[in-house]
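Below, in structure tokens: the form predicted alone, a single chain.
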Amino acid sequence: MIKKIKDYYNWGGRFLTDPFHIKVADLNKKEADKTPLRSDIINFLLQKLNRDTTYLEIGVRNPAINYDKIISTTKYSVDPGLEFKENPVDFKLTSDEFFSQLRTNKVLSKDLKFDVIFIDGLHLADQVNRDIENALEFIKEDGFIILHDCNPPSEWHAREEHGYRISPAGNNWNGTTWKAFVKWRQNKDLFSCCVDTDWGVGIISKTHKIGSASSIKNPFFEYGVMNENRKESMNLISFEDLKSLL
């Protein structure tokens, strides 16, 4: 048993000098150092609407990280509390449950439309895709759907299993959110972009011309294809670019 433990730590120590791991560690630091944060972008878009606003956040975890920083006339929060025990949110539900109850008047009102919906829940493509579909139903025509973790810097950040920590990305995890975002980037009825900061802040709009549909073909949502065409696949832009578009 002792030998196995030593072998494990010797193997782990090799990560520190492995070129691939060093490269991903550099990507980690580079991404973590980027500004502005998602809260800055959300607040900019809310302020840009120039009216009393209603904000919805899906996947809050610790509200001090983002939710508490958002400035909106009315705010609502949704989280089942799987990752943050205190879970001081308005609706202790999964996003699927929340939208189902919203649609049937069990919570709030089915006629309610939000100015901004921020999606930062379960980072798996199937769930994110449903969150986008539901958000499109309840967003105002000139509102914004915003997604976190759309721009994973390596395939390790884009892994499906969050709990697998013995990887070059360490504890950093963007999941497969990017796949759902890239899928909706193909929709010619929507405008979209991804601000290149804070692990990729994706924005979808019905009316604001922030970016036309992508022409990149990636039918099987392969990371390598996205990576080779990252700028166009995501419509990666800077925060200053976003400001100029709006």
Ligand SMILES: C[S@@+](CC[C@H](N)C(=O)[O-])C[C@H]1O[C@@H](n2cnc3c(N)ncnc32)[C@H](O)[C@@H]1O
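When you see a residue number, it is the position in the sequence shown, counting from 1. Note that the structure is predicted; figures quoted are calculated from it, not measured.
What follows is about the form predicted in complex with the ligand, which we do not show.
- Partner contact region in the predicted complex: 57 to 65, out of 179 to 187, 57 to 65, 22 to 30, 207 to 215, criterion any non-hydrogen atom within 4.5 Å of the ligand.
- For the options 158, 122, 169, 145, the one in contact with the ligand in the predicted complex, meaning a heavy atom within 4.5 Å, is 122.
- Listed residues 174, 77, 134, 95 were compared with the ligand in the predicted complex; 95 is the one with a heavy atom within 4.5 Å.
- Although the partner is absent here, residue 71 lies well away from the ligand in the predicted complex, with no heavy atom inside 4.5 Å.
- With a 4.5 Å cutoff on heavy atoms, residue 81 counts as touching the ligand in the predicted complex.
- Heavy atoms closer than or equal to 4.5 Å to the ligand in the predicted complex belong, across 21 to 38, to one residue only: 38.
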